[in-house]
Ligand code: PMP
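The data below hold one chain only, encoded as structure tokens and taken in the form predicted alone.
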Amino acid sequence: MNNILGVFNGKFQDLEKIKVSPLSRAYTFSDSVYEVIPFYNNNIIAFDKHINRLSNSCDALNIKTDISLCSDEILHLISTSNHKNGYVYYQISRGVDALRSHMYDTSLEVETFGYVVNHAFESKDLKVSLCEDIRWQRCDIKSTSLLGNVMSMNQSKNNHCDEVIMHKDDEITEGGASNVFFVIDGNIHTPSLSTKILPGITRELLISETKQNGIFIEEGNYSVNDLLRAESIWLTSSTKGLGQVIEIIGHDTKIQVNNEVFHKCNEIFNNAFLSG
């Protein structure tokens, strides 16, 4: 944790020196939202989109904050980090209760916290497992309430997997920390946005960039069986980029590791955001 720059309520200091109250609602209720903002070759990837999503998450939970001040803190973390490639984790919580209470005091002062770290954006082949989606019903909000994800992903880790792909009532939703894309008969598919799915920034960027290159991605509702007959599967996130799935543990599938459609999409994304 040494030499990691952080910020807490406007004060920049080493991460290890930051202390948070045990009565912070982020700690007692996960009453908080967050963003992960990547940068590569000193260029911030889709900064405005990340800030807009952070603002939307705050609005969804009725957390009143100065989003421009948060933006300035994120930019300062990046500019003073001396990292060429990395990301900022930034969190906004409702504040600190005088005493733990489900009903929050509307006069609480918002609490902000963030840090910046180095990160290598390297494509990684992934082994995944399928699991029931046990999360809450507002996954479109980027809340710190991630216990369902944590439980599923650590069970997956025990089975020597890198990630999970979740499904609810047999309908594919998303990965534990990512969005899902797959190819059937040469056509690309991804689950439609809903309250069951986080509107991933990398997901949005990939759909936009491939469209500009004449490749259409269909958004819809898909079953586990649809996924299991896919020729290629990949997961997207701000820190993964495009991560190719090479195996679904416990299922005999015919995933093509050298699938042409995946490699074309990966090339388009990397040329747009991870090159130069």
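Model, not experiment: these values are computed from the prediction. All residue numbers are counted from 1 along the displayed sequence.
The next section is about a form of this same protein that is not shown, the form predicted in complex with this ligand.
Shown here without its partner, the chain carries 174, 179 and 201, all of which come within 4.5 Å of this ligand in the predicted complex through at least one heavy atom.
Checking 40, 34, 29, 47 against this ligand in the predicted complex, a heavy atom within 4.5 Å turns up for just one residue: 34.
Exactly one listed residue, out of 149, 81, 123, 144, brings a non-hydrogen atom to within 4.5 Å of this ligand in the predicted complex: 149. In short, of 246-254, 216-224, 229-237, 63-71 it is 229-237 that has heavy atoms within 4.5 Å of this ligand in the predicted complex.
Residue 135 belongs to the set of residues with a heavy atom inside 4.5 Å of this ligand in the predicted complex.
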